[in-house]
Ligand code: DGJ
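First, one chain by itself in structure tokens, the form predicted on its own.
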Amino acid sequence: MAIEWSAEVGEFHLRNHLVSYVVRVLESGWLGHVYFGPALAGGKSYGHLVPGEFYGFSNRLGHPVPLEYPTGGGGDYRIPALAIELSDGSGVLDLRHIGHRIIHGKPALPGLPSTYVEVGGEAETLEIVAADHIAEIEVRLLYTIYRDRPLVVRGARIVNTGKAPVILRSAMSASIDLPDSDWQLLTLSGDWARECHVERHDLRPGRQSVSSSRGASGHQHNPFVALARPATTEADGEAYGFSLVYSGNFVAEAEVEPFGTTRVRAGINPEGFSWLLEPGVEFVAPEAVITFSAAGLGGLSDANHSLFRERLARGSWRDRARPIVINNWEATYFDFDEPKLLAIASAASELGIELFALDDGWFGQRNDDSTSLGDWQVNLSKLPGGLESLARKVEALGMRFGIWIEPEMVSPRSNLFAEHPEWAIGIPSRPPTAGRNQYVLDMSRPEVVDHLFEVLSSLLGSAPISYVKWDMNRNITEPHSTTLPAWRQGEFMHRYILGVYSLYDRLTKAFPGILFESCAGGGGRFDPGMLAFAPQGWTSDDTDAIERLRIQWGTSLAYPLSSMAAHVSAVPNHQVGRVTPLATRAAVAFFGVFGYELDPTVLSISERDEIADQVAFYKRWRDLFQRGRFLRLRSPFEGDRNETAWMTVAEDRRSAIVGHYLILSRPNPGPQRLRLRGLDAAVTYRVSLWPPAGEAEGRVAGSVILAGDELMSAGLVLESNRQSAEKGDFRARVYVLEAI
């Protein structure tokens, strides 16, 4: 790993054994993008890769010179990274290199989540300073390269060095110019209960983007996009990944211009954004992670999974085995009391489940969703002994105890709203919108954050609470803060998410032993920014196993299994009404942070036995499920979409678990083989089926011995419906591979 600077040619080269990133100071003093891709040799110049510059109003106006942090109005008509309104009303900037420094390690970003290092030698950071002396604006571009990761972390700080305030209109975290447009844009899109569905389309002339203007990253589009060659697969071909470490309004955009080049930018959504930058003050943009893979989409996932799991998530739970949770929501909704909860916890404890999570309805007068958000005091009519009594009784069963909160919200019918109606977001001259019978608190106000920290600190300190599910169930409407003047309302959405981060940071530091799980109506804020505080998130409110195949496949493109909470729920499924086998529900949920969302007191004896076996199986292989290398094999978005397969492989490649899922049963199926990946070709594996197959069930009993090279080259012969007595739709097979 090294950051090289050649003063003779004005060139920076960030490199490790996996990738190189080259930036050149052009003749004009602008910063030109030269290259990002597989590692290049050090000690030489690559300036010949940059086309000639354009100057002034000539027939070359608009020629696509690749730039590191482009601005508008100066002859580059593509999407800018930076747009500023100066005191004279103009917006033209001429940013020229004035200096740089190389930092050992990686500095944190004030007020924002970011990746980090544990020892200085694992990364180096380049800070390049460019300035416009007429506009008196300085831009500090940050580039971090890790020793063993195929990625560069980008960031930007904008400084007003003048005497007059200016207005930021756009401040991207990263922009990169690629020399061609032979790419497909891959996005993770959807809506509530169908998050992170994979969309993949050819780039075409013009702009293509995903974004959010909802105040959260959103169910509709995830702040991760990729560019892949048309022939790129899971295992082969070139791809770039772009992840924004941010949980608010964002944009990720690709533009193809007439010369066939591609510009990609990612950052805070400029729509509705503005920021008054006073003299001597800087604006810090959230960071972006740009990843390169020559080994297909799987290579992008490998890099992101490792980085997010090891150098974005933090705290005492980063490396610990996550507990198996049972959540009472789908078992009781709001209708519960202490005896009912303890009956669920007792039955769950007997099955080996490790943590009981008490969901919505335990506070205020919360018997439905029309009241009490903001009143974080225990409902003593439901829980006469309070949370402490319930938590102690749950712990006596050998389980840990957790609770659900939604701190960013307030009900119109609540004590908090009665005392502080001004704390709710809204425009004073307009009637507010009460989505889901609730308003959103103005997290841009420090007094709101302080109040929530005091109330929640008292709550979390009042009982032995080991887990918190932090929800956010509606997006922002009427974005306005009464504490900001009219000309600064464009700052509100960013200030809101900074307030959320501040509260998360204070609570996670005050209660380092608590496992926080983020949630926003499921995956409505499942993003890298949240992972810096909550190492796992509720992937989707949709717990149907078949729907979860698509959701978990798409989410896994960017996020590790250790971040993806996945539960087995009752049937008919509460979201889609589908009835699936209990084994299939578990076989999907195994590939994540495993848990249950049902009432174990109403299960049959055979169902209880089956769940006890599922729990024991997951505990045995928990580390492999949560921290193994995840490999996608057959996509639910391709072909006839009737089949999905994936696997997780141990770091030493001596064990692996494969999941294969068939949605609809087909008559008279032919033989099938599934080619595996990531194994050791020289190792021989014992391959067994879970649940264990028995001759009485009409299946092949026992296990088979197969070599790694055969499993990867010829494939694993799959058990078909014709071989099994368990015919029907929605079937899953889990194969366990152990080296012998």
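All of these numbers come straight from a predicted model, not from anything done at the bench. Start at 1 and count along the sequence shown; that's the residue number.
There is also a form predicted together with this ligand; it is not shown, and the following applies to it.
Heavy atoms of C519 reach within 4.5 Å of this ligand in the predicted complex, making it an interface residue. When contacts are judged by a 4.5 Å heavy atom cut-off, W329 counts as touching this ligand in the predicted complex. For W538, a non-hydrogen atom is located within 4.5 Å of this ligand in the predicted complex, even though that partner is not displayed. Although the partner is absent here, D360 lies within 4.5 Å of this ligand in the predicted complex, judged by heavy atoms.
In summary, the region of this chain contacting this ligand in the predicted complex, judged by heavy atoms within 4.5 Å and restricted to 643 to 651, 520 to 528, 378 to 386, 124 to 132, corresponds to 520 to 528. For the candidate set R436, R320, R622, R96, a heavy atom within 4.5 Å of this ligand in the predicted complex is found for exactly one residue, namely R436. Think of it this way: in the predicted complex, this ligand has a heavy atom of just one of N473, T261, T508, S189 within 4.5 Å, and the residue is N473.
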